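Both blocks below hold the same protein chain, though in two forms, and each is given as structure tokens: structure 1 and structure 2.
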Structure 1
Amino acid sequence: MIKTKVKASRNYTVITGRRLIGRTGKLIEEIRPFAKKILIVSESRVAPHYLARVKASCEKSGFEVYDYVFEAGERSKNINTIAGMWGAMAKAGFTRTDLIVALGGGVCGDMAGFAAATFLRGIDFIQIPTSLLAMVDASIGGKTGIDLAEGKNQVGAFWQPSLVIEDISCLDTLPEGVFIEGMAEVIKYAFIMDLPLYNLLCENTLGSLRSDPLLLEKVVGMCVKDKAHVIENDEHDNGIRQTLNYGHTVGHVIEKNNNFRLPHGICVAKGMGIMIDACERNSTLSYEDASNMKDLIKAYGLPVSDEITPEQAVAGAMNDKKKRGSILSVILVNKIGHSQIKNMTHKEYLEFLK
């Protein structure tokens, strides 16, 4: 078991280990002894596997437990689902000392977190991420929110969880394709800030990660430490947190150009591949590092290129919500394990990608 402390506007612990969900009740009791009611928010693909166990554990610790299960998928990430959660809590008479538990992937965590941030102007919430992406990324750092018809994650709040319980055993039921998608974010940490993680990933394979729980726990734990480090230094995304956007500026445009039919992780991998090529062409990354990086992405079953043109990539980036004025913050990796934020005008960015 690995415990990582996150120091932010609210300090909390991320516990990464195996067979943890059966201990949910006890873990909550330790940090919130005065809570009475718990709303477990989950979704239709995760709930059949894990809801009963989490619920039983919370009930055993004496909590009054309610659940709210929505239909799995990004399409549910909207205000109607949030209204359902608010209504469930209001009906059950939740007070400020009660709390929400998010049991699911990033969609579930982002929404349960947003409901927690807004109900009674803010109640506590606990993350139990069940996808690889949610374990290494979405459940840590307090970005919560929903999508609008006009764009993804357009409404939300910074609201940190009070505890994150990462049970690696839950990844056993995660479909292979969704696991591979999560690997794009794992590889991202290796490239931008974690050479030991890069080496560990090179020494192993997708198969060994999936079949060796201790190895997987170690890899997830390393990513959690990386994310915690970033959050501690820049909770509100004004500096170093932007480095987590590596591969995402191009990736988001590819996602949009494909009407969100291509999964996020696939688009991020393509985005990283395009940035690697661009850095190599601009002589800011060695040929050796560039080919090693692309080999690693491919070794974990992910793509490294896309038909998107530099013009399309630049036009799409100009609409990105992360853009500040007319300047783009472009994340570059100039050496494996090190990243840099470079501010570029759209003209400079176009030159860079060409």
Structure 2
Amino acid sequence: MIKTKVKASRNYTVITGRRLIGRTGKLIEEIRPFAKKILIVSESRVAPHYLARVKASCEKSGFEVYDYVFEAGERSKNINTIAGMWGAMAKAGFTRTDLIVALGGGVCGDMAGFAAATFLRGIDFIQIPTSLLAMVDASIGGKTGIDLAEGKNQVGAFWQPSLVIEDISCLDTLPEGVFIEGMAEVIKYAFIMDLPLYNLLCENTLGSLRSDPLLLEKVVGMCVKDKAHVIENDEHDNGIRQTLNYGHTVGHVIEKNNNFRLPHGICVAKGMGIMIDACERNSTLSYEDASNMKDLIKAYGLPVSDEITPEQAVAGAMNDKKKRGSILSVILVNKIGHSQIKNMTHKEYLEFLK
């Protein structure tokens, strides 16, 4: 078991290990002994596997437990779903000492966190990520929110969890396609800041990662440590935290242009591939590094290209939440293990992608 401390506006611990789901109630009781009620927010694909176990564990610890299950998928990430959570808590008489538990993937954690940040102007919430993508990225750092028709994650709040419980055993039931999607975020850390992780991924395969629990726990733990380091140095996304958006600026446009039918990780992988090609064409990344980076992405079953045009990518990026005025923060990797934030205008970004 790995315990990683995250120092932010609210300090908390990320616990990474196996067979933690059944200890949920006890783990919550240790940090929030005065809480009375818990709302477990989950999604339709996850709830059948884990909701009953988490609920039973919390009830065993003396909590009054309610649940709210929404239809899995990005299309549920809207204000109507959030309103349902608010209503469930208001009807049950939740107070500021009560809390929300997010049980699911990144969409679930984003929404449950936003509901927690806004109900009664802020109550505690616990993250229990069940997907690889959520474990290594979405559950840590306090970014919460929902989508608008105009773009992804356009409305939200920074609201740190009080605890993150990462049960690696949950990945045993994860469909291979969903696991592969999460590898995009793992590979992202390797590219932007973690050369040892890059080497470890090169030395192994998708099959070995899925079949070796200790190796998987190590990889997840490395990503969590990387994310914690970034959050401690830039909680509110004004500096180094922007490097975590590598591949995401183009990826989010691809995601929106496909009406969110393509998984987030697939779009991020495509976005990384497009940025790798752009950096090589602009002579900021060597041919050798570019080839090795794309080979690693493909080795873990992910794509490196998309039919999106530079014009479409730039037009979509103009609605990106990372834009400051007319300037867009573009994340580049010019050497494996190192990233750079480069501010570009609309015209400069278009020329770079062309």
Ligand SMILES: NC(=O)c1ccc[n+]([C@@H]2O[C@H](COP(=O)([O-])OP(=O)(O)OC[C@H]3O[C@@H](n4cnc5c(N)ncnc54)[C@H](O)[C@@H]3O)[C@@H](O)[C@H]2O)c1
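Each form is matched to the other, and the largest set of C-alpha atoms that superpose within 1.5 Å is called the rigid core. For numbering, take structure 1's sequence and count from 1. Everything quoted here is computed from the prediction, not taken from an experiment.
- Only structure 2 matches the form predicted alone.
- Checked against the rigid-part motion between the two structures, the candidate from I128, I28, L216, H248 that sits at the hinge is L216.
- Superimposing on the larger rigid part's C-alpha atoms between the two structures leaves the smaller part rotated by 9 degrees.
- On a core-based overlay, E311 has a Cα shift of 4.1 Å between the two structures.
- The shift recorded for the CA atom of Y287 between the two structures is 3.0 Å, with superposition on the rigid core.
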